[in-house]
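Heads up, the chain below is alone and in the form predicted alone; it's given as structure tokens.
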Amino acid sequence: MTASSDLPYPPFELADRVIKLPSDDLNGYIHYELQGSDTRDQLVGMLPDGYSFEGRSLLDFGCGAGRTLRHFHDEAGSARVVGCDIDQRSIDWLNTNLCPPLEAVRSEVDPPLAFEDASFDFIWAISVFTHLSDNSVPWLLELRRLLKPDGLLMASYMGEHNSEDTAGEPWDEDRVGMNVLRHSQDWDLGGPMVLMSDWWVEEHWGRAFDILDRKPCGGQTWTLMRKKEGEITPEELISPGEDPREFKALHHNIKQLQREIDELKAWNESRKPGASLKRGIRRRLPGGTRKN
């Protein structure tokens, strides 16, 4: 048996890319090791009792430099264990240092992945759909395509535990469906941020999967799902259901995005030459009004 701590670690900038680590290497890699081990334990704990990896095929979608994937190194002796990520440097490092027995492939921004239909028994996607906006549904259905009949997918999403930090407002599930924030935010700053409510996931993801389990983990909601039979298009999965909260959530997301636009305009205005003088003049306009 090979312990994860016996395997090479990626350069610190790759290890630190997904989750911020303590700045010094020793504590940073200790955290990296413990986070990966804990994630593996949480994943295994969600699987059905008696679930065996032997002879199965696994995919870590959004694997980074292998923080979790490395903890499946031993299983790769009797199972196919694959990591996939958009970051070329992370994939190159994995292929140089941990493959084989693991496998690592780079994904493009949009699907498909270069795997045949029904290639995997179990796929996990941690902190991925938390940042996908326009291509969220196509990617969800791409992972469904890759699952074998009755295959399992664990996908996490942000919601109740993230509203204050992400949206700057108290959580109210009645006004959140799939609400996209910071749509144009640079990926170095985290990319878009997506909040989902449990009822929206049940309505929409539930059209493609049977939802088996759901639990809070690491500030997100982890959802274990089994692939349903039949075909479904992106349009069929995303179309609004009969719940009136669908339209309330869309209306609220428009308000959220308008607030972001106003804040961005104010920030850009503050960076213009003479901005401080202009703000002072506006504060002194008669009647306390502001000049538009």
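All values derive from a computational prediction rather than experimental measurement. The numbering used is simple: start at 1 and walk along the sequence shown.
We do not show the form predicted in complex with a small molecule, though everything after this point is about it.
The candidate spot formed by Thr2, Phe53 and Arg80 lies out of contact with the small molecule in the model of the complex, as no residue has a heavy atom within 4.5 Å of it. Exactly one of the stretches 84 to 92, 114 to 122, 208 to 216, 160 to 168 approaches the small molecule in the model of the complex with heavy atoms within 4.5 Å, and it is 84 to 92. Taking the partner from the other structure, the small molecule in the model of the complex has a heavy atom within 4.5 Å of a heavy atom of Val128.
At least one heavy atom of Trp139 is located within 4.5 Å of the small molecule in the model of the complex. Using a 4.5 angstroms limit between non-hydrogen atoms, Leu132 touches the small molecule in the model of the complex.
In the model of the complex, the small molecule sits within 4.5 Å of a heavy atom belonging to Glu108.
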